[in-house]
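The data below hold one chain only, encoded as structure tokens and taken in the form predicted alone.
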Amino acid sequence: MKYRDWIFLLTITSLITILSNLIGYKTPISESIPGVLILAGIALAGVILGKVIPLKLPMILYVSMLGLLLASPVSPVSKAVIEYTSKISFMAPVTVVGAFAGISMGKDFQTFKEQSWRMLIVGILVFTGTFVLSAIVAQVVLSLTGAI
């Protein structure tokens, strides 16, 4: 994908995130804009790093590492990054990502149908197993730490 395409997608995602944050979490647009711009800037910088650095690593790794570095206590901008991005509800960007995932699945629906009903059972087992094991790990850790 070209940089122009990434900027277009990040702009659309940012606008939908601001709208989701306004409608779902009653955060004013003026308070959402700085946090969304920071998140979009981190994502775009991660995209650029992924194309510039000659290692074959997933782009999400660059975005995550950059976000962690900017928000870590060693960063001179961590306070501002945390302050502005904390006003963006976690679920607001997830709504956008979920919509994109749904559109993507719709594009591959014919392939999904060809996999037959067995794929549905595998999916249900994977989701159930992930949920149950996560709950068990959380129960054990919270019990060991005395939180429950």
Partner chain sequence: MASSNERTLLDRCKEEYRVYIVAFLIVIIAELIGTHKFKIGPGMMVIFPMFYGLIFGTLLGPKLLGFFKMEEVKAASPLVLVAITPFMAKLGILGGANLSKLVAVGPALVLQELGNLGTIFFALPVAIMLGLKREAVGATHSICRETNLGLITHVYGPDSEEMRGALSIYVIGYIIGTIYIGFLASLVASTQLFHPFALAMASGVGSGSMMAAASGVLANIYPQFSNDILMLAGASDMLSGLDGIYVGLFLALPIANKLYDWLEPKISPKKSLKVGVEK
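As the structure is a computational prediction, the values presented were derived from the model and not from experiment. Positions refer to the first chain, counted from 1. Under this definition, the rigid core comprises the largest set of C-alpha atoms superposing within 1.5 Å between the forms.
The discussion below concerns the form predicted in complex with the partner chain, not included here.
When the partner chain is considered in the model of the complex, I33 lies well away from it, no heavy atom lying within 4.5 Å. Within this chain, T27 is remote from the site of the partner chain in the model of the complex, having no heavy atom within 4.5 Å.
The shortest heavy atom separation between P73 and the partner chain in the model of the complex is within 4.5 Å. Heavy atoms of V63 reach within 4.5 Å of the partner chain in the model of the complex, making it an interface residue. Contacts with the partner chain in the model of the complex, taken as any heavy atom within 4.5 Å, map within 1 to 37 to M1, K2, R4, D5, W6, F8, L9, L10, I12, T13, L15, I16, L19, S20, I23, G24, Y25. With the core held fixed, Y25 shows a CA shift below 2 Å between this form and the one not shown.
Once the rigid core is used as the reference frame, the Cα position of T11 differs between this form and the one not shown by less than 2 Å.
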